[in-house]
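Shown next as structure tokens: one chain only, the form predicted alone.
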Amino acid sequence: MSSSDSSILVTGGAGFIGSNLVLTLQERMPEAQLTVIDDFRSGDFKNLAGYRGDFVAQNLATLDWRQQFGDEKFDAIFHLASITDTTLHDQFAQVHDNVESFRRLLNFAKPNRTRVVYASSAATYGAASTASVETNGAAPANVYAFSKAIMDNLANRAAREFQDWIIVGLRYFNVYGPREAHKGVPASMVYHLSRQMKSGQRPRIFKHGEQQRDFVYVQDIVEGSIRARAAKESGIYNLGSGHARSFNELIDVLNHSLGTDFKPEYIENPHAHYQNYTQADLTQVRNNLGYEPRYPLETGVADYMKWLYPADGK
């Protein structure tokens, strides 16, 4: 990857995945000009410790891109900014902010055909019992997923209309890893269960812990996102580990990493539209982007626990 004379913009760069991406880009491309846009609704400046680039504090749903950047050109835009709290049920706020932010970004990128890599979501698939394939139709069960499905529609429309413009959507599955603690309730189950166990409590999961998730380490997500920047054509791809693992298994993995021996406490599931199963089919992203996840759950959790609890010396 060339690091000279590159100008890259990352929206949502103070958030969980965004900050991991920004700091990796800075490490790999030390001469690149990096710009982050974030309004801190689901981000934190502490995530960008050591960041050396520019920062624009703006709400993307109302940002006038031309007024902000004039004729400045970017080589690529990574769009990760979003209302990520799936429990926010204000349909107008979710759809307006997520969709209109993307629409404004595309309008800015269109004249120069600036490459766009944006975060979609596995939530667009809705209820599933087998591995999700990109050709599956959208079946959003909540308004967050609906907003992401509309973003996919906009991206597909633009890619069809402008064959020389590369727009890549990435359907992130259940991401966990460093720099997510600030999210609070929407942070991963890996984070929340580890906190309970570190405080001496039995980990609480929904009955009977057999729900399965495609848990994917954030470093794999970052790698896949960077690979998407070099895509030869537009497309929408799954980014996950490719494996579905149960919450019971996750607790076993956490016990091993933390040196504990907790049995789960099973509680009732209050959510009517709960995804009991997620798994990414990685065929297309392997073939077209060369993506290959490097962190199975055991390895990712072990690495994350070392980062999260460095005083343990494990």
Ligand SMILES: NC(=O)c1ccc[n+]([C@@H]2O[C@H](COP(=O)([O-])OP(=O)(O)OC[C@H]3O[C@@H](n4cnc5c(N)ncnc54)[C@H](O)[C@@H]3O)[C@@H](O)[C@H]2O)c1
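Residue indices: 1-based, along the sequence shown. Please read all numbers here as calculations on a predicted model, not as lab measurements.
Not on display, but discussed next: the form predicted together with the named molecule.
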| item | value |
| --- | --- |
| Segment that reaches the named molecule in the model of the complex - one of 118-126, 70-78, 205-213, 240-248, heavy atoms within 4.5 Å | 118-126 |
| Contact test in the model of the complex: S42 vs the named molecule, heavy atoms, 4.5 Å | yes |
| Contact label in the model of the complex: V253 to the named molecule, heavy atom within 4.5 Å | no |
| Any non-hydrogen atom of Y217 within 4.5 angstroms of the named molecule in the model of the complex | no |
| Heavy atom of N174 within 4.5 Å of the named molecule in the model of the complex | yes |
| Heavy atom within 4.5 Å of the named molecule in the model of the complex - residue from L25, V301, I17, L9 | I17 |
| In the model of the complex, the residue from M29, L60, L34, L258 that sits within 4.5 Å of the named molecule by heavy atoms | L60 |
| Residues within stretch 129-161 having a non-hydrogen atom within 4.5 Å of the named molecule in the model of the complex | Y144, K148 |
